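The chain below stands alone and is given in structure tokens; this is the form predicted on its own.
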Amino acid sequence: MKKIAGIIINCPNQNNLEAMTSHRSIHTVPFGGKYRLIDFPLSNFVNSGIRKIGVIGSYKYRSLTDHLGSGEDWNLSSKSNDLSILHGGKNKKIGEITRISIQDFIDNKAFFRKIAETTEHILLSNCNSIANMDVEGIFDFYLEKKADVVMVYKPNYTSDDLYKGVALEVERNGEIIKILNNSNENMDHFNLYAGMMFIKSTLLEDIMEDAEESGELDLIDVLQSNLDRLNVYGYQMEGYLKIVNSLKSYFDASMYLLDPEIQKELFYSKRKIYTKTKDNHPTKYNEKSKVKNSIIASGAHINGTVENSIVFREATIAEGVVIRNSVIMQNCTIEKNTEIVNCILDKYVKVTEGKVLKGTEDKPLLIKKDSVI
């Protein structure tokens, strides 16, 4: 996988995650007990051997730099500057979502100049696609088709949340003949763009240069307008995919993670999902604790009942507490005789004794970071 650089973009439509992105970039939304959303695309890059990676953040970049550091937890070298955190996310498209911001690329011309001599192909990825992808297989398809662009898609994707994604119409030979906004087409089942594409570096450079003159903002729009002159193909991915950019999609993805088959595909294949390492003591379970079908991270203290839930590092669950179908993030404290159902508790939330918090599966209750209830 030589002559390839990877770029993880800043994803649009973050307001649908409500308070979860009020203080952090969407890249670093906690997931699965110890991970962040960006861990999935970044691990996909690293597992394929890509060693020149740029991450386009947002103005809320502190959580991103804190999580990624120099990239050593992903086997990236600080000496050779394998990982670059880039700025972006300042422009918005009026009336519609900018799916892939060309302006973010233009604002980081220095990065593209730095990698130009050693790069012929660019791999672009969303930061909020949960999947363990075979990037090498996608690249082989890209070379075989002699394509200008290959967009990875998931067939028959079912969406019942706020996701406003990109749907592809694909011919039998893989050629993409139409790119649609699924929210406008009222589709229940469609070929969803999975948030990853290969594109020739020279083509992306030309698009950036033209965009500076034309004012075009969205790479997806540019590709749609030029399908007749570019070789644009779709690669059908297999396996699990979930796009997280709404509160419901986050909650659903968290609950799906309790399925052993999905856990196995994401975390126990030959392609590892890396994250920032922390040295915690093992979770302590009191003799009165009851845990069923849940993921409990290290460093937690469990003294109550936890069912069908995800509990992050260093959370404390007191006696008499009942937690069902919920996500309890890092350093939360749940005091005695509390009931929590269909909820998402962000980091450092404290729920005082005897409280009852209940959401629904369609509308989970979110308690924002540092709240005391």
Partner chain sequence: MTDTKCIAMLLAGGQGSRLKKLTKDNAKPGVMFGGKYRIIDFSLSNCFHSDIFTIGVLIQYKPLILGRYIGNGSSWALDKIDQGIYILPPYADKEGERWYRGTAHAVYQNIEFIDMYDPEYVLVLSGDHIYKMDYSEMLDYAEEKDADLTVSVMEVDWKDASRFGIMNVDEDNKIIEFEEKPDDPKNNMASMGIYIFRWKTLRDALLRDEKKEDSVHDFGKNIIPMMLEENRNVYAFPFEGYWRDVGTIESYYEANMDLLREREDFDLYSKKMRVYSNNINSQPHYVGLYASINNSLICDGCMIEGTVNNSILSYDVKIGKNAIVKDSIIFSNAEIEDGAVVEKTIIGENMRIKKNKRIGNMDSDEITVVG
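Positions refer to the first chain, counted from 1. Everything quoted here is computed from the prediction, not taken from an experiment.
FYI, the form predicted in complex with its partner chain isn't displayed, but the following is about it.
Taking its partner chain as it sits in the predicted complex, is L203 near enough to touch it, meaning that at least one heavy atom pair lies within 4.5 angstroms? No.
Check K114 for me: does it contact its partner chain in the predicted complex (non-hydrogen atoms, 4.5 angstroms)? Although its partner chain is absent here, K114 would stay clear of it in the predicted complex, with no heavy atoms inside 4.5 Å.
Does at least one non-hydrogen atom of I273 fall within 4.5 angstroms of its partner chain in the predicted complex? Close contact exists here: in the predicted complex, I273 approaches its partner chain to within 4.5 Å, heavy atoms only.
For Y35, is any heavy atom within 4.5 Å of its partner chain in the predicted complex, or not? Flag for Y35 set to yes.
Assess the spot marked by Y285, A297 and H301: is its partner chain within 4.5 Å of a heavy atom from every one of these residues in the predicted complex? Per the other structure, all of Y285, A297 and H301 touch its partner chain.
Report the stretch among 258-266, 104-112, 131-139, 217-225 that approaches its partner chain in the predicted complex to within 4.5 Å, counting heavy atoms only. Result of the contact check: 258-266.
Note which of N181, N231, N280, T119 lies within 4.5 Å of its partner chain in the predicted complex, where distance is taken over heavy atoms; exactly one does. Contact residue from the list: N280.
Exactly one of N173, N156, S77, N293 has a non-hydrogen atom within 4.5 Å of its partner chain in the predicted complex; which residue is it? Flagged contact: N293.
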